[in-house]
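Okay, so here's just one chain, in structure tokens, the form predicted on its own.
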Amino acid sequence: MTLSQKPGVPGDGSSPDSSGRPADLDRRQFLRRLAGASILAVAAGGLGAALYDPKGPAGVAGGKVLAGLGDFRAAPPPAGQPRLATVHGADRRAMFALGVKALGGMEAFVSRGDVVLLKVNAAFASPAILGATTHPDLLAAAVEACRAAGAARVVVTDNPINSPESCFEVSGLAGAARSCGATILLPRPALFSPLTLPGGRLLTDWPVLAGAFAGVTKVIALSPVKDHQRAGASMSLKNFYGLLGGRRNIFHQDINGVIAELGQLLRPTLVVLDGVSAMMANGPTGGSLADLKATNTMIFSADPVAADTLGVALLGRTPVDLPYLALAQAAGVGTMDVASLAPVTLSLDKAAG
């Protein structure tokens, strides 16, 4: 009932009977209206289906087969300096500034003239409040820090599950990028090239979003902390799934194996794991505020294995619950020995005090 409608009055012919059918409608009229409502519901479902893309771009046939997407790591910090930082708080922009400062400042990762690719998680056409995608405040903080460090250009990309245009707009990522002067690069077939990972078992002659890396000199991954029905958790390493094209859902049969191989696709400059609000259940899509928990944590490192090893605790799980972490470590992607990175833990409250 809308605010302009009045409730039916018994005996006026507009009150529903025990079946929920208005009293002045005969059965034929009622069924006709019910059929009309069903058609609208189907149409709405059809619109959702139209936005859903289970396959994604397949890439351009006959292209050069790549072996990887590149090594974008910055120079390592001096011995003894922290290579992993954890910040507690609720203000993403302030947390980002504090975490990056703890690792030497953005200048330790981005130099003047760099072209920076920000790999976000824009998988779903879902508003930021539901936590299924990278939060626009985190994206804005990262773009502004890159530009302040002298980046010549900042590009934001992902190959979402739903319609790319809808995902970037509905999640607020497109607006955040526009307001900060970054460029959104939406996936299209010409950007995909075949890749065969050396020693890889799954990523063989598979289309990847290689065109997004043209001219790029630094890569920063911005990932939410989410439950994942198949992988156990979606964090930094799982975020790289969005670089795949083709019918990538076939990899769900060996989700741990493919995530470990995704870690070998590229060496990022920095990964930022946003656990200000973690999706504790029904991931990776979620859809309800009841799925979320305020965990008030953000993790920073150039090592995605270390970041995910620490971040999984926000979901109430352990690194053993994510077999892909050990597989990625064995492949040389990073370390689960978080203590070896001289980690630091900071709090916005203490920083403000």
Partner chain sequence: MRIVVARRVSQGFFLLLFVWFCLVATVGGGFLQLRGWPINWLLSLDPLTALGTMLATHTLYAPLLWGLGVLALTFFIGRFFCGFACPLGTLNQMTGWLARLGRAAKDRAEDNHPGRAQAVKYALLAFFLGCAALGGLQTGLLDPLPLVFRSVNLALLPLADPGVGVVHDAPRHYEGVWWIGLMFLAILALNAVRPRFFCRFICPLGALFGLAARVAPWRIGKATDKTCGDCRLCESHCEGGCRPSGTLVVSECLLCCNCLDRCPSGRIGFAGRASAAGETALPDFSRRGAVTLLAAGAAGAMSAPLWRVEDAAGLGRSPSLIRPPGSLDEERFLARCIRCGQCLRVCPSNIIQPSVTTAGLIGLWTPILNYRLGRSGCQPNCIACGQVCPTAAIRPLTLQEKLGQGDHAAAGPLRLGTAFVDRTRCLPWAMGRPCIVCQEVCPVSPKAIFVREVFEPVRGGRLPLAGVRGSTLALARPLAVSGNAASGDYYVRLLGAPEANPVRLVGGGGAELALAAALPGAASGREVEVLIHLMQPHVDPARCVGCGMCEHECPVSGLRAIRVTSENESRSGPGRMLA
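Positions refer to the first chain, counted from 1. Predicted, not measured: the structure shown is a model, and the values here were computed from it.
Another form, the form predicted together with the partner chain, is not on view; read the next lines as being about it.
K.L.:
Can you tell me which of 266-274, 110-118, 181-189, 138-146 lies within 4.5 Å of the partner chain in the predicted complex, counting heavy atoms only?
P.N.:
Within 4.5 Å of the partner lies stretch 181-189.
K.L.:
Though only this chain appears here, would T204 touch the partner chain in the predicted complex if you measure heavy atom gaps against 4.5 Å?
P.N.:
Flag for T204 set to no.
K.L.:
With the partner left out here, check for me: in the predicted complex, does some heavy atom of T285 sit within 4.5 Å of the partner chain?
P.N.:
Residue-level check for T285: yes, a contact with the partner chain.
K.L.:
Is there any non-hydrogen atom of N162 lying within 4.5 Å of the partner chain in the predicted complex?
P.N.:
Result yes; N162 sits at the interface with the partner chain in the predicted complex.
K.L.:
Please determine whether I250 contacts the partner chain in the predicted complex, using a 4.5 Å cut-off between heavy atoms.
P.N.:
Contact check for I250: yes, within 4.5 Å of the partner chain in the predicted complex.
K.L.:
Could you check which residue among L69, L327, L310, A302 gets a heavy atom within 4.5 Å of the partner chain in the predicted complex?
P.N.:
Here the answer is residue option L327.
K.L.:
Could you spot which one of T196, T217, Q81, S166 gets a heavy atom to within 4.5 Å of the partner chain in the predicted complex?
P.N.:
Contact with the partner chain in the predicted complex is made by S166 alone.
K.L.:
Across 313-339, which residues bring a heavy atom to within 4.5 Å of the partner chain in the predicted complex?
P.N.:
Sequence-ordered list: V320, P323, L327.
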